[in-house]
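One chain comes next, on its own, written as C-alpha cells: the form predicted on its own.
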C-alpha cells in the first residue's frame, strides 16, 4: 500500500500539471476541451525531436545527469517543448476553436475538440509511428531504480515530482504575488467581471492557452521519463485529467492541483483491491462520485 501511495503521488503531480490549463480554459470558454490531453503528446514528442537534434549538433549534451536517464539535451528540449506546445495551443484556438466559438454553441465546441484530438493523434502516429518510444537511448539508465526496504522508485520519478512541484510553486507565486497573476486569477474565476474591471479578456485568454500548453508539455515529458511515449498518450490520460479538474472544481487552479493528487492516489490505491485491468475505470467512478456529492467540485463556486 505504501508503494501504491507513493506511485499515486508521482502520477498525481503529472495530472495536476495537465489539469491546470484545462480547468482555466474550461471555465473561461465554457466547453469541455477533450483535445487538451493531446497537448501532452505534442509536448512529449517535441521534446523527443529536440533531444535528438541537440545530441546531433553537440554530442556532449547526450550525457546523462547523474543517475537519471535525463540528459542535458533533453533538459533543454523540455524548455523548447513547452514553448512549442504553448504556441500549438494558441494556433489550434485561432484556426479552429475561435471560429467555432463565433458561429456555434458549446456543444459544437465539444465536438470540435474531439475532432482536434483525433487529428493530432493520427498526425503523431503518421510521423513517429504507432510504437512506443523511450527518451533514454541507454536502457540501463532508463530502467535505473532506487531501492528501499519498502519502496521501489525510479530516480526519474523523483525528478519529475520535484520538477512538477517547483513549477507549481512558481505558478503559485505568479498568481499570488504579481499584478499579472491577479488578473489571470480574476479571468479564470469570473471572465465577465474581469472584463468589466478593465482586463483585456482576449489577451488573457491567449496567455492562458500558452500557460496551459506549456504545463501540458511538461506533464507529457515527465510522464515519458518514467514510462514510454506513444501517439495515444493523450487518449490514455484524458479521463484522469478531466477527473482531476472536476474533483478540484472547474475554474480553480489550486483545486486542479489538489484534484490531480487525489485522482492519482485514489487510482493507485485502488490497485490494492482491484485487478490492474479495472484501473482505467477508477477516474470515471471518481467523476461520478464527485458529481453526485458536490457537482461544483472541492473548490468550485456554488451557483444560484
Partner chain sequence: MSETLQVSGIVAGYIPDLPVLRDVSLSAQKGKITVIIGPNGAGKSTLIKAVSGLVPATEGHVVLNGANITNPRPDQMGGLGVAYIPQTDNVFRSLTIRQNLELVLRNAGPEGPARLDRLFQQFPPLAQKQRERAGSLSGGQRQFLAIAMALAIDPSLILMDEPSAGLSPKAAEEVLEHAHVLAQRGVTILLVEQNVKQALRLADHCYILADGRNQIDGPAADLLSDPVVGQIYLGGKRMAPT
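Positions refer to the first chain, counted from 1. Everything numeric in this text was worked out from a predicted model, so none of it was measured.
Omitted here: the form predicted in complex with the partner chain. The next part is about that form.
You can rule out all but one of 157 to 165, 218 to 226, 171 to 179, 72 to 80: in the predicted complex, only 171 to 179 has residues with a heavy atom within 4.5 Å of the partner chain. Shown without its partner, this chain lists 199, 153, 210, 84 as candidates; in the predicted complex, only 199 has a non-hydrogen atom within 4.5 angstroms of the partner chain. Taking the partner from the other structure, the partner chain in the predicted complex has a heavy atom within 4.5 Å of a heavy atom of residue 195. In the predicted complex, the partner chain sits within 4.5 Å of a heavy atom of residue 190. Not displayed here, the partner chain is approached by residue 183 to within 4.5 Å at the level of heavy atoms in the predicted complex.
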